[in-house]
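Listed next as structure tokens is one chain, alone, in the form predicted on its own.
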Amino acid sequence: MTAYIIRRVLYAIPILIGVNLITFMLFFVVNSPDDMARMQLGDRRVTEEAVVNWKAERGYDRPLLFNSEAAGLDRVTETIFFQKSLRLFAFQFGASDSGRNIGYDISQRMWPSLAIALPVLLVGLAINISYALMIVFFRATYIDIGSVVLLVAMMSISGLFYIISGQFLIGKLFHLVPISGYDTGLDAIKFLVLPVLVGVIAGIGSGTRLYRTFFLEEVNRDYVRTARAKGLRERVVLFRHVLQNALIPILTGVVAVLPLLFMGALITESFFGIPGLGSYTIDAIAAQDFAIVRAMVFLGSVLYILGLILTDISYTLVDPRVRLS
């Protein structure tokens, strides 16, 4: 197990370097350091001296990838890529182009993101599994057919429709909760109800249909026929046997997204005015703040790889037949 984890971590290093390099190249193909300086200074007619000073203060006065004027290792180290990107492997996010501490912003904004993402995951998981089991219980009936049609229709609707509809019906028409905004402490609950509700409803279509497929694959297996032959009720068969054996593919999806909960939902947080990491990333893209974009892409890559490793490890807990070598 230990050797497997170490090997997977070592595999992740070149992947993260590649992600950093691609992000770096894509950003600077669109923007030059001069463009970034003029945008941050907020004036198209800013003087050349101000641009030079801005780049010098933030380390953008170096060459991008290779410093031909330096000697030895300085040709590689005295570059924007080395100074700005490779330090991320030590989780030194540094300061944003606007001067804010990125590490501090992440530590503060991750909690609003978790306050939305965690309830959406847990409540959605309970509803989707329960609904999928009910559909399988009534399989090959009008309930099954009607539910599949409903789920496909829900999958086909854009997430923006759920957000706008929820804001109009629940927030504006019935005035049950605020349309957008955020507060600290227990006062934050009234601002979280609507985005959590919208997130759960928007995920029912794809989640329930996926779990229904998992359960249907297990229903006709030999061990299920044996359980029925012993006289067990269909409800007991579903919950005690089918659900337990379908946990592996379900666990794959759940464990993989657990680390990504910290990243927040880009569209949801932006529409509901939640100061999480999702809206933080959107604002950074709009402001062309490369430092924040680079840090968020790197953090997302690290968390995704961590999710894959946790998924493989969780296999051994659910199914003792699986062993990692």
Partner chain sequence: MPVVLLTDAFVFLLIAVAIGFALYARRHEHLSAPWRSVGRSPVGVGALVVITFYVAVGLLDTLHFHPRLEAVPAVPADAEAAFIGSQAVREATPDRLPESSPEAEPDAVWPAPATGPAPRYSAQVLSLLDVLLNPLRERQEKTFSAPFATRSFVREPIEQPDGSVVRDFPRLIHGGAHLADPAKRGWDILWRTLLGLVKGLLLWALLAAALVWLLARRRGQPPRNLARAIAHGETELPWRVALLTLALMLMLMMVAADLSAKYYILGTDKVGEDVFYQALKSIRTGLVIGTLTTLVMLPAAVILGIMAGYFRGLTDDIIQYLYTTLNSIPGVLLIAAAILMLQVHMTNHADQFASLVHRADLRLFFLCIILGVTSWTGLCRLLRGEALKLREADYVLAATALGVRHSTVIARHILPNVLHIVMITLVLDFSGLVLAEAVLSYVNIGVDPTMNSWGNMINSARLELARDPVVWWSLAAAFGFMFTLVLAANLFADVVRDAFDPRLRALR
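Positions refer to the first chain, counted from 1. Heads up, when I say rigid core I mean the largest set of C-alphas that superpose within 1.5 Å between the two forms. In this text, all values refer to a predicted model and were calculated from it rather than measured experimentally.
Below, we refer to the form predicted in complex with the partner chain, which is not included among the displayed structures.
4.5 Å heavy atom contact with the partner chain in the predicted bound form for all of 153, 157 and 305: Yes.
Stretch from 127-135, 251-259, 82-90, 209-217 whose residues place a heavy atom within 4.5 Å of the partner chain in the predicted bound form: Correct option: 209-217.
One residue of 161, 111, 104, 239 in contact with the partner chain, assessed in the predicted bound form (non-hydrogen atom, 4.5 angstroms): By the 4.5 Å criterion, the partner-contacting residue is 161.
Heavy atom of residue 54 within 4.5 Å of the partner chain in the predicted bound form: Taking the distances in the predicted bound form, the answer for residue 54 is no, it never comes within 4.5 Å of the partner chain.
Contact flag, residue 35 vs the partner chain in the predicted bound form, heavy atom cut 4.5 Å: Residue 35: yes, in contact with the partner chain in the predicted bound form.
Heavy atom of residue 314 within 4.5 Å of the partner chain in the predicted bound form: Residue 314 lies outside the contact set for the partner chain.
4.5 Å heavy atom contact, residue 300 and the partner chain in the predicted bound form: Close contact exists here: in the predicted bound form, residue 300 approaches the partner chain to within 4.5 Å, heavy atoms only.
Sequence-ordered list of residues in 285-300 near the partner chain in the predicted bound form, where near means a heavy atom within 4.5 Å: 285, 288, 290, 293, 296, 297, 300 sit within 4.5 Å of the partner.
Did residue 23 shift 2 Å or more between this form and the one not shown, C-alpha, core superposed: Residue 23: C-alpha displaced by 2 Å or more between this form and the one not shown.
Core-superposed comparison between this form and the one not shown, residue 36 Cα displacement 2 Å or beyond: Comparing the forms between this form and the one not shown, which are aligned on their rigid core, residue 36 does shift its C-alpha by 2 Å or more.
Shift of residue 297 between this form and the one not shown at or above 2 Å (CA, core fit): For residue 297, whose C-alpha is compared between this form and the one not shown after core superposition, the shift is less than 2 Å.
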